[in-house]
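One chain is shown next in structure tokens, namely the form predicted on its own.
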């Protein structure tokens, strides 16, 4: 039986085109030159670096590579007639720049880009990608790696990842894209719909279900952990006993910091006894002690 999705996926992909007059009235009446050699007469140095990029190689393999410059820069007959009539790509508004790129790069992980935080904050494709020069091994990023590209805006995250407890980003075992889809539309641009589901992609043992659940854990991992880095162990938002005391501040128990400091020389506080803070499946684990 054929289902709706199968029918949709079987349809040939329709190449969209940019309405260049809507991009700028200066394109009114302009026509396509369709000759990269004409562009090269003035832009030889730029074309030299461009020749080594993914886009250049893709157009070389295309059945009709003639319009490769104008696919991104629009019809340039007016520019040929009058070189002072430039209308550079970099001068276009951020959303317009992205619309040009999305005429080809709209599907897959980029389906939610138009509704995402980057688009809403006027971050265009060109903010992260350098089309005219191969600076990275993949994705035409503006720096050599995904993480360094993200750091160009998110310097606070770089600082967090240099703290004592951190995800192994600076060690090269993961990068920002391990948790974030920069082209997505989820809160925090996460790769999954929720924070917890994103964490579970690596920390499946914390998913449960548990016979004895710890409610804050079920609600959000961020109740106890900060994702980018902390000066407390295991990415905790505060020192172990103080972390627990944010909720468990009742009396009659040795949950005061002075008791935890004396009874536990390793500084683990409450978790010295409550060893399964994420949840327990032990019949006697109601207090998360086993």
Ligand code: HEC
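Numbering follows the first chain given and starts at 1. Note that the coordinates shown come from a computational prediction; the quantities given were computed from them, not determined experimentally.
The same protein has a further form, the form predicted in complex with heme C, not shown here; the description that follows concerns it.
- Contact annotation for residue 54: at least one heavy atom lies within 4.5 Å of heme C in the predicted complex.
- At the 4.5 Å threshold, heavy atoms of residue 30 stay clear of heme C in the predicted complex, well away from it.
- For the chain shown alone, residue 23 is not a contact residue for heme C in the predicted complex, no non-hydrogen atom being within 4.5 angstroms.
- Of the heavy atoms in residue 188, some are within 4.5 Å of heme C in the predicted complex.
- Contacts of stretch 216-234 with heme C in the predicted complex, defined by any heavy atom lying within 4.5 Å, are made by 216, 217, 220, 221, 223, 224, 225, 227, 228, 233, 234, listed in sequence order.
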